[in-house]
Every structure is written in C-alpha cells, then in structure tokens.
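The chain below stands alone and is given as structure tokens, in the form predicted on its own.
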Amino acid sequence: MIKNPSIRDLARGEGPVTELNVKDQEPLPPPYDKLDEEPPMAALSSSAKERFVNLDNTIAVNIPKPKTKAEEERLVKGFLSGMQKLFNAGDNWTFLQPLVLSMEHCARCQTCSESCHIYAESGHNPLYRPNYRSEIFRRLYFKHIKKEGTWARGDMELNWEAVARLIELAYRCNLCRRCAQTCPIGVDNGMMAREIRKLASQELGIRPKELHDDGSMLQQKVGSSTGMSSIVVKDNMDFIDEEMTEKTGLTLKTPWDVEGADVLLMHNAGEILAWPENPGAFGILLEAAGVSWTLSSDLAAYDSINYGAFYDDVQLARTLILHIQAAKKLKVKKILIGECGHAHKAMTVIADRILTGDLNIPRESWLPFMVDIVRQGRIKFDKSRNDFPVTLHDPCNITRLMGISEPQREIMRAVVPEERFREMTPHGVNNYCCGGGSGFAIIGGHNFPDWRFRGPGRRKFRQILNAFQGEKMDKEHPKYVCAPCSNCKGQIRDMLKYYDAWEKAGINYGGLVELMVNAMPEAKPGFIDWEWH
C-alpha cells in the first residue's frame, strides 16, 4: 500500500495501489466534528480482492483479474486499439478536437487539484488528483499514438495492470468538470476520464453493470432503466394523479400522447417510483399556468435518463434518438426536461453534437421555462408557507455545464422568505458535485457506496452542514436541502441516511417544484412531507 503513489505505480505489483484513509480527512462541521464518531468505512471483501482488479480497496467496475497470458494481452491490445479510435476523426468526431487539445496542452501546473472535491476530501491523496489519470493517459498517447517517445512527457509502462487500473480510476471522477473550469488553459480532465470509460465500454466491453445492463440496455428494451413499461408507468401516474388531487385539492389528470401539444415533458422515471410528489408537482404547476403539455408512452420517452452520457456515445445516441422520435411523432413544439441533470447534459449539450436535420428539434430546461411563468405572474405564491431554513444545491450538469444558475434562485426568491434561504459556499457555477454524479449514485456493489459517502459526497455534506450552522440541529427544527436533479437527490438521500442526518440534525431534502407547490395559496397547506423519504 502506497500513501503517495506516483504515476508509474499504477502499473506495478499486485493488490491496491493506495486507499482512501479516513484518518487523513478533516473533521466535518458540528454536529459531526469528531472523526471517530463518523460511520466507519466498510472493508472490501477478501473474495472481491481475489477476483477483481483492486485499485484502492473499493471497486466500481468489476474487472476480473486475467487468468492467462492471452487474457492479459487482450486487455493491452484492446486498449491500444480503442485509443487509436479515440484519436481518429471517423470514430470520434464528436469529441476529437477537445480531447486532442486537452491531451497536448496541459502545463502540469496542478491548478486543477484543489478544485476537485474528491482530492480535497481524500486528505490530498495524489491518486485522486484530476491530472493523475490524465497524465497516465497522456504519456501513453504520446508514446503509442503519436510515437514521439518519452522525452517530452516521461515514460509509462503499458501492461494489463495499468490498463485495468486506469479504467477503474476513470470511475473515481464525478465528471463534474470543476477542474476544467478552474484550469487556466481549459484542459478538461473530466472529459478525458469519460473518454477512457468510452474506450473501455466500446472496445473492451468493460463498464459498470448498473450503467449498462441495468441502465442503457434495459431502457432501450423495456422503456425505462427502472424496468417500468409504459403500462406500469401509466398506472403509477394514475395513482400519483389521485394522490396529488387529494393532497392539494387541485384536480390533476396527467395528459398522455397529446398530438400537437406545446410541450412534451420528460421526467427521470426514478422520480415516479421514489419521489412521486415531484412529477405530481410538475403537473400541478403546468396545469395552474395553463400550459399545453403531454407525456409520451412511447419506448423510453417517459424516462429522460440517458446513462450513455456517463460512459458510451453509442448508447447515448440510441437513447437520445428514441427521445427525439417520440417528440416528432407527437408533433410537439419542444421537449421540456424535468429535474434530471444528466438528461439536461445528454439532451442539450451533447445532443447538439449529434442531432442533425429534422432530428434537431427544440429542447429546453424546465428552469428558464418555469421562471418565465413566475415572472409573468401566472402562478401565485405565498412565501410564508415555506417558513423553514432552505439551502440550494446546484447540479453540475445544469449549472456549470449549461450556465443555468439564476433561474432557480429567482424561483427560490418567489417561494421562500429571504431570511430563510441559506446559500451554500461556493455555489452557482463554482458549486461542488453532490458526489453521486457520473453514475456513482446508482453503483452499489461491494463497498463503493461507503467510498462515495466518505469521499466525493463528503464535500457536499460539509457544504450542507455549513449552510445550516447557526440553526438548531435537530428534527424538531427541520431544514430543507433543495436539489433540482433526480440523480443528485438520490445521492443526497443516501448520504443523509448514511450520516443519520434527519435524526441527528433535522436535515431533509427534495426538489424545487415541491417548494413551489407548497407555496401555492390555492393548494391545501402542507405539500412538503417532513417524514423521512
């Protein structure tokens, strides 16, 4: 075990290179200011250590250790073949230019390191520096793709250990791109981590089961990564309609497959199962504002999830086209993307590199759409109904990637008393990832969830605790973390449970549309449910 691993250590020896050592971490704010009182991190099982490649005593990808020399060679040859394709315009026309720029122009100044929440919360373990994996990839690129030798960048051995560990290391990054924003010349280490994932998936068939088998493939076959068919989704939405009507006193009947509607709303289907009040709140708000809207029961169109955004361009494009085809079939004016950050990323920023011709139909985030409704006074609000401390989490793919930071705050000012709002530090485009981005929130094997809470998620939990300092930290004085992204909400839910934050500090969570409905004077009071989800 190496405390401060060098780049070459990735290709050396058996067993883990290093590990996240909780003793190296800084204490959290009160009431979690004693390291020894935090939950202990679960150990990786001995059977997992024997069967799978072990980078740092946790596992995300389940890469089997090669049993023969031929299997070792297959990893290396496949990696080189995939790397060649990444730098070929015919194979990677969508991301070739930014990839080459990031590969060839890094000054190795390490400015990106302190911007990374994982590196900071690890106690500054070098393995988690954004440029650690990028520099390994960069040295292999100069040696094997550009064939410029090692004089410019330094040597890096290419063996099966280096390949397997580099792939696993690509899943120690949330792809939040805070490092890219910080870099003085725009090197994008997050994109490079994602390109390594893409290489592994498309060339070697290596990717987390949760993202591929239980994610992209299930969605394309059944219609949703939750496993819900359109019949099941409609049944669930019927139940949600009944519950929302009873809870608010406002009649809700979700419209399905309405041809010519102004808006096709796409939810992350996880909301329908885990947080039904969220799609219910969307329906209440759109009806109150007089919006012509619909949901679609076509394959995948009722689930805005696109896990290909995290690991594979081919899977991303296949799911994206299903979304677009559903919108075209209904002849809607635009797709409206609900509270799902990676759906925003896949359906707007990345889609702009993929969709051409009549496939390039309008797509819009719900936040600027809804803030226009608020400005026009089409829905009335009573702020006093949200008379409790509220802080706001900025989802990376909505805020940093797309620059949407003011609409959610303008909505917040309309529905929450000014003295009750607690801004996180930092916030907006400088936010920290929730710690569940890039698929982490759904990767649940081995002890990976513990690593996610003790590493990436801990910086967000630190921010949440800091935002509520000065408040009474008990559940008799409830506090609300507003996270307008389903993936972020799942991570925050799991993290608050891990730290027992509802019982110990009175911290709960939810989306932004729930706060909006809670503030509607036409609705029955008490839409926010303070029982733990």
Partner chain sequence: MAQLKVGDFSLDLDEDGFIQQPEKWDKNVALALAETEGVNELSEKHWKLVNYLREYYQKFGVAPMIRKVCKDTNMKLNEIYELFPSGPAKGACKVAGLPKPTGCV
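Numbering follows the first chain given and starts at 1. These numbers were taken from a predicted model, which means no experiment stands behind them.
There is also a form predicted in complex with the partner chain; it is not shown, and the following applies to it.
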Original post:
Among 273, 250, 330, 100, which has any heavy atom within 4.5 Å of the partner chain in the predicted bound form?
Top reply: 273
Original post:
Considering the partner chain in the predicted bound form, which of 214, 91, 73, 257 comes within 4.5 Å of it through any heavy atom?
Top reply: 214
Original post:
Just one of 104 to 112, 316 to 324, 289 to 297, 232 to 240 has heavy atoms within 4.5 Å of the partner chain in the predicted bound form; which?
Top reply: 232 to 240
Original post:
residue 122: heavy atom within 4.5 Å of the partner chain in the predicted bound form?
Top reply: no
Original post:
Does the 4.5 Å heavy atom contact test between residue 311 and the partner chain in the predicted bound form come out positive?
Top reply: no
**OP:** Decide whether residue 174 counts as a contact residue for the partner chain in the predicted bound form under a heavy atom distance cut-off of 4.5 Å.
**Re:** no
Original post:
Is there any non-hydrogen atom of residue 144 lying within 4.5 Å of the partner chain in the predicted bound form?
Top reply: no
Original post:
Can you name the residues of 58 to 76 that have a heavy atom within 4.5 Å of the partner chain in the predicted bound form?
Top reply: 62
